[in-house]
Ligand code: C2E
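Heads up, the chain below is alone and in the form predicted on its own; it's given as structure tokens.
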């Protein structure tokens, strides 16, 4: 019915020389509402959002729910009217709502497409949807107008997602490792595994270009499980060669919430003969602070297993001190943005100092990432930071390069590896 109304409205616009604007409205991260408060509460929240949208309907307007958590609103008028309406929608839709005993604050992304500005009326729905997804990809809680580049970008992304489906089977993924060093001795104590994609035509692709795609297209489990298998295999291989250090992997929020994640991790560690306490999972502060059943269940399971948990990008989110205490994490990583600004920002210095003091009061180690200058290193050392990571010491490198680097005879303290990260370790027992 909505599509019929759209065609009829376009016909009227042609007759009178007027314009139409289509707004595609998507609720951001709504699965978290369902996971946290239950689907009945999620349904109640959707009804309230629909009621708020209905307030905007006037003569000549059309409103529909496309399915899931997406709505479309068709309004007569120029693009300027669409922008003003989107602003008002953002304000109304983000107002907190009461769901039973819970107070929920929704966030929405809105995409705008106009007729005849952006082309045929039959393409309007697809264009508005593309713009909405662009708004969501930029962080959500905003609106975006369609432009032609979005269509080209969407096709490129679709091709990349198609290629990613077979990347594991074709053995195109590989891990690079960036060392972490002890702040006092500058000896290498651990290495963070960073996934790369060696695309046959596009060359080496960094994770920021394809991990989001993997999450969006349901491939993060496939990629994440490969990372776990490869990182644990490499850690076991290094152990046999006498290079015994902690290995860390990054775990996305989508991956963490998947059924059986912690169990698969435990099984892989056991199959490689690795003790869970000598393997690190790095989880961003935003994900760690998600008070959802699935997230907290996975984190609790990892803690019970004895896996070393690190809270990554710390300082960029909104942490609850009470929740942070319950997480039983062993490590906080200061976000690189604060490290970069240490030399010229009193605010960055104050935040870094507060993070170190808070972490130490909770018996947690502090790692600073993105260290690129000696000034930053010295400042972090003065603050009491425990470990450092960044280009000042080493860039990410293939496993073989790290092994050669570790066994080289260079005299520089930056090339010094501890005989073992663990004082009670021996080759047979690690």
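Keep in mind it's a predicted model, so treat the numbers as computed, not measured. Numbering follows the first chain given and starts at 1.
There is also a form predicted in complex with this ligand; it is not shown, and the following applies to it.
Proximity of 178, 312 and 390 to this ligand in the model of the complex is complete: all three residues have a non-hydrogen atom within 4.5 angstroms. Picking from 368-376, 56-64, 38-46, 23-31 the stretch near this ligand in the model of the complex, with a 4.5 Å limit on heavy atoms, gives 368-376. Contact check for residue 232: no non-hydrogen atom falls within 4.5 Å of this ligand in the model of the complex. The closest non-hydrogen atom of residue 331 lies beyond 4.5 Å of this ligand in the model of the complex. A residue is said to contact a partner when one of its heavy atoms sits within 4.5 Å of a partner heavy atom; residue 194 meets this definition for this ligand in the model of the complex. Using a 4.5 angstroms limit between non-hydrogen atoms, residue 251 touches this ligand in the model of the complex. Checked against this ligand in the model of the complex, the residues 276, 126, 119, 207 give one hit for a heavy atom within 4.5 Å, which is 207. Proximity to this ligand in the model of the complex, defined as a heavy atom within 4.5 Å, singles out one entry of 246, 336, 133, 217, which is 336.
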